[in-house]
Each structure stands twice: as C-alpha cells, then as structure tokens.
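Take a look at this single chain, the form predicted on its own, given in structure tokens.
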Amino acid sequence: MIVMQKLFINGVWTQGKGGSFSPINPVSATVSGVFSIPSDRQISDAIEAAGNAVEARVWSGKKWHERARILEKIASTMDARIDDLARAQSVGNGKTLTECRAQARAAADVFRYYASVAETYESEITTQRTESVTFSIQEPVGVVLAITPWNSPLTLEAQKIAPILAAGNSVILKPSEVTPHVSCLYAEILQYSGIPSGVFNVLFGEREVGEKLVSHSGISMITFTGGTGAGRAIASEAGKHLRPVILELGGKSPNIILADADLDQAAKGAAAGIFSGGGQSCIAGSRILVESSVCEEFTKKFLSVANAYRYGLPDDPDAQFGAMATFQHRDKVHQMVLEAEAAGGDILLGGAIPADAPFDVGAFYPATIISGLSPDAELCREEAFGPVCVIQSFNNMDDLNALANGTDYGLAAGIWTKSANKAWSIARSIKAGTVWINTYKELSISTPFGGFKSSGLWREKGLQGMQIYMENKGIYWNFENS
C-alpha cells in the first residue's frame, strides 16, 4: 500500500487539501507514489510561513559562519544517505543508480561549496568620494520560489536551495510533478540539519499550482529551470509584479569537430555529450558539426562508439543510461525522429522503440544518430531532449558560424581541435554561456552557468550564483556629524 506523501509547510508534514496525483515509474510502468496537492489556502500558508521567517530573521539573522555550519551539516547528512537519494531520483525518472549516486554526491558537494562561500563571504567599504564613509552590503531578497525540472532533481534542486539558503533567504520549492520524490528527502535532511521552521517549504502539484505560486504577492523572487515556453510565461507574470526571475531554459548545443582534431577522442566526447543520461540534459550536444573533409571518417568512429551505449534497468552497473523520464516524453522523442526521417534524414543508428523484454514495459529509447537533414529541419533547431543527435557538415568557418549560431538557443557548445588559435576564435564567436574545448559536459559548481538568447536569463553557480539572491544596499555614514 502506497501512503500519500504530505506537504512540508512551516516545518510540519501537512496533508494537502487540493487533491492528489500519482507519478509513474518509467521503468516498471507502475505508480511510484501518491502526492498531495495544496489548496489555495495552504499555498498562502506556506508563503506566509516563509515570509514570517524572513521578518523574524530566524535564518537571515544568523551570522554567515553559523549558516555555513548548517549547510556543511546538510552536505554531511547527504553523504550518509547517498543511496536513499539516488533511489528517490531513479524511481521518478528512470536513471541508472550509477548516475544517480554520482549526482547525489555532486549535490552534497553543492551544499559544501556554498557552506565555504558563506564562511568566507565579505562585504566591502567602497572608495570614499564624499564626506561620508560608504559601505556596500548585501541583504537577502526574501521569499524565493524555486521551480525545478524532472531530469536531474538531485543536482538541480541543490543548485537552487544551497545558494538561496546561503544568502539568508526562505525557500518555497515546487518540484516537477514527474519527480517529486527527491524533495521529500531534502525536507527531511534540512530539518534534521537545523534549518528553522518556515525557512524551507515543499509544495507538490502540477501546472496549476506553479501558476498560483508564480502570481502570489508574497513571492519576492523566482528561479526556474525547465522549458523555454514555460520560462517565457513565468517571466511575463513576474514582470507584472516587477519581480526578479532567474531562468535556466533549453538548448540545442553544437559539438564541433575540426579536421585537425583527435577524431578518436572527439568521437568519445561527442557520444558522452549526447548519450550520457539518455540525452535528457539541457546541455546535451545534440548537433554534431563536422568539418566536411573528415566527416565520413569521423562518422564511422562516432557510430562505433555510439553503438556501445546501451540502455538498461536502474540497477544494471553496465548500463550507460536508463529510461526516458515519462512515456509521453519517450513518444515525443520518437515522433521527432520519425518526422526527421520523413523530412529526408538518414537514421544511421537506433530510431526504434524497444520491443524486447524487459524494455518493452518501460519508456526506453536507444542511442540514435541521424544525418542528411537540412539546417532548417526541426531536429536541427529544436531539442528532442533524448538520446538523439544529428550530424551536419561544414566547409569553412563562415559555414560553421552560421550553423553553430543558427538556432534560438545559446546554452552550450563543444570544440574539438589541436589549434589553440581556432579554439579561441570559435569559442569567442559562438553565442553560448558555456564552451568546452577538447572535452564536453564537464561541470563545476564554482563556475557560473546559464545561457544566451532563448536559453535563459542570468547565471547560477559560483559566487555570482549566491549574490543574485541578495539585494545590494549602499550605506553612507558621515562620522563627522555623528
């Protein structure tokens, strides 16, 4: 019997009064939990509790080093519960336990990093240009609404919760209705580690709950990771209230292979860039752009490497990736592949829904490579968000520049070359927030992350990723008149 999961409001697990929903495990096609939905009154209660915590300074009033100690305790507690965290993510989105454990460890390190940032953070006395001594200090923005996606809730929720808390704010976390499981463990761990009541709250629900939260007058700031369409809607609503918003949205990232690259390394890097995690990543290198003189040779090497990428059940240690997060998403990915084939694309690998047991039960999809599409084909412009990539060739740097920047997105890019001059020139010309050279998909919590164009607004991670959740205040003090 599955017990309904309660909401976490003001430090108390509370039965939702707005109904319930039941996400589906994409591996077994069975219900993975039942989660209660808040009523309108409970939404306001949670936001009021978070606001009261801000006003009472139960968290922001703590010294920086005191907040740092609690963040460090959260990290240590997560370290002790790696397997619990991993299984909570895997049951929701079908990822392998190997990947989920790695992400759980990375999520703990996010809290540890921001504990260090809080421990060492300094305000400043600015250069005196008047009679007064001038100070620049930062204060918490208030109640921050964090809306998170289903692909990697462990790391993506940590990347929001940790800096928001380090800056002294209260949090309303609204996880994806596909993967709400991880947020329950975060609530347990944060409460155990000493986060005061009201500072961290979790509300489950689908789109309607998110819309009510976004429009609520008690929210001070919104941070959202997800689709570009939803991001635009959130930004529009936030604009009505002059409410700051951070958006980390979609991508259609190019992975560029020049003729002078180490093609064996490039093939391995390109395969990892698109097929790891089943391609369900905003930074997935889904457009493989290859210099025409080596395109045939590279494609053979790439196919050989990609052919070894196998989907598998979560507990299979040899599986490179697991199921798609939902059956609806798997079907959408497959439909895009079928439409690409109808538009003249050649399916070089994959492209079929598995029919063999036990994978016919789940939302699995194979590593898929397509060539022969025109640059204006949908699969060359819009992300499939699955293990699907297109190969395109270019003749010169002008061709490359047009292809690389020829989408509405600008999140990430990869460059494979032995020429430092070419690497630098291309890296500067690509409109993307992250550029990897002779590597791909390496990530660091210390380095700001975000996108250009329709890939988002502002940056997460790094010192900047905490400062964005604070308001700057200038103070002028005339000591001679004091």
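In case it trips you up, residue 1 is the first one in the sequence shown, and so on. No experiment lies behind these values; they were computed from the predicted model shown.
From this point on, the text means the form predicted in complex with nicotinamide-adenine-dinucleotide (NAD), which you will not see here.
Go through Val390, Cys282, Ile74, Ala340 and name the one with a heavy atom inside 4.5 Å of nicotinamide-adenine-dinucleotide (NAD) in the predicted complex.
None of the other options qualify; the answer is Cys282.
Let me know the one among Asp109, Glu177, Glu291, Glu99 whose heavy atoms come within 4.5 Å of nicotinamide-adenine-dinucleotide (NAD) in the predicted complex, would you?
Filtering the options by heavy-atom distance leaves Glu177.
Just to confirm the contact call: exactly one of 300-308, 358-366, 315-323, 227-235 touches nicotinamide-adenine-dinucleotide (NAD) in the predicted complex at a 4.5 Å heavy atom cutoff, so which is it?
Comparing against nicotinamide-adenine-dinucleotide (NAD) in the predicted complex, the contact stretch is 227-235.
So, Phe449 and nicotinamide-adenine-dinucleotide (NAD): in the predicted complex, are they within 4.5 Å at any heavy atom pair?
Judged by the heavy-atom cut-off of 4.5 Å, Phe449 is in contact with nicotinamide-adenine-dinucleotide (NAD) in the predicted complex.
Test of understanding: in the predicted complex, would Leu249 fall inside 4.5 Å of nicotinamide-adenine-dinucleotide (NAD) by heavy atoms?
Close contact exists here: in the predicted complex, Leu249 approaches nicotinamide-adenine-dinucleotide (NAD) to within 4.5 Å, heavy atoms only.
Applying a 4.5 Å heavy atom distance criterion, does Ala104 contact nicotinamide-adenine-dinucleotide (NAD) in the predicted complex?
It does not: once nicotinamide-adenine-dinucleotide (NAD) is placed as it appears in the predicted complex, Ala104 has no heavy atom within 4.5 Å of it.
According to a 4.5 angstroms non-hydrogen atom cut-off, is Asn151 in contact with nicotinamide-adenine-dinucleotide (NAD) in the predicted complex?
Taking the distances in the predicted complex, the answer for Asn151 is yes, it comes within 4.5 Å of nicotinamide-adenine-dinucleotide (NAD).
From first to last in sequence, which residues of 371-406 have any non-hydrogen atom within 4.5 angstroms of nicotinamide-adenine-dinucleotide (NAD) in the predicted complex?
Heavy-atom contacts to nicotinamide-adenine-dinucleotide (NAD) in the predicted complex: Glu383, Phe385.
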